[in-house]
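Form predicted on its own, single chain, as structure tokens, below.
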Amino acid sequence: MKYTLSLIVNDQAGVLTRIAGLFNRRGFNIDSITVGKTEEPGLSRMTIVVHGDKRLVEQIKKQLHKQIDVHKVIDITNEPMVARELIMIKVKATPQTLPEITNLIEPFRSTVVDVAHSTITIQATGDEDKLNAIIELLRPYGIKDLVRTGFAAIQRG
């Protein structure tokens, strides 16, 4: 099962390294991790997605609580939340396929962010299912490059 952890941490050099090192030392694989400043100066929010079972996630949470730079750890997996990821996909495109590709991505509210001689770069945001659907629709055109930010999540309400 996939778990989403939301952490409030000090916004200082080395915090990300210490958190990632904790996961590494314990053999926990991080599916995705995003970090950004919060509305409060000096603090950052980390969204960490991991695969595992409930026992593994409880172990991770206990280890995170021991970190001096970690102020708060919340497992928001089963909480009402909004989670989004950004992807950018560079796809092979010709003058003949360019209109077809732009029509294909339109229902996903994706945007074209760059057009070059033989490629088009598309930006999309959304949940995992939506982004995977876009990737699969674009795959037949020839994906040259793909970058994913990882999920950012926040509790509702």
Partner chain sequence: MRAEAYQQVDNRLAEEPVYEMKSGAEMIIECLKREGVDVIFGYPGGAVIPIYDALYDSGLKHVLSRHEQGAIHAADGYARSTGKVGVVIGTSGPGATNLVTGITNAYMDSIPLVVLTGQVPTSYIGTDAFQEADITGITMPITKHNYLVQRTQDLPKILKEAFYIARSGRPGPVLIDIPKDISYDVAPFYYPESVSIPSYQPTIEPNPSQVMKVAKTIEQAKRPLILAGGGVISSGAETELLQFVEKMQIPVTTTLMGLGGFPASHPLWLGMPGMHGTVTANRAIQNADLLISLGARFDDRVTGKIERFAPKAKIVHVDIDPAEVGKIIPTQLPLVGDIKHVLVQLMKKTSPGDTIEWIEQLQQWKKEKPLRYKDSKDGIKAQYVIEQLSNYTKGDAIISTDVGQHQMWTAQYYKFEKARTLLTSGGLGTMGFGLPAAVGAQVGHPDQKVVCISGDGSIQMNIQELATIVQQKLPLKIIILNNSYLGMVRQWQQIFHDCRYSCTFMTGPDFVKLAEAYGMLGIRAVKKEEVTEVLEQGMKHNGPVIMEFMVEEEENVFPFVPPGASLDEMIEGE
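Residue numbers count along the first chain shown, from 1. Note that this is a predicted model, so its numbers are computed, not measured.
Another form exists, predicted together with the partner chain; not displayed. Remarks below refer to it.
- Not one of 37, 47 and 78 places a heavy atom within 4.5 Å of the partner chain in the predicted bound form.
- Annotated contact segment (heavy atom within 4.5 Å of the partner chain in the predicted bound form): 62 to 70, selected among 62 to 70, 117 to 125, 87 to 95, 100 to 108.
- Residue-level contacts in the predicted bound form: of 18, 139, 144, 148, one residue has a heavy atom within 4.5 Å of the partner chain, and it is 18.
- Contact annotation for residue 42: at least one heavy atom lies within 4.5 Å of the partner chain in the predicted bound form.
- Along 5 to 38, residues 10, 12, 14, 17, 18, 25, 26 each place a heavy atom within 4.5 Å of the partner chain in the predicted bound form.
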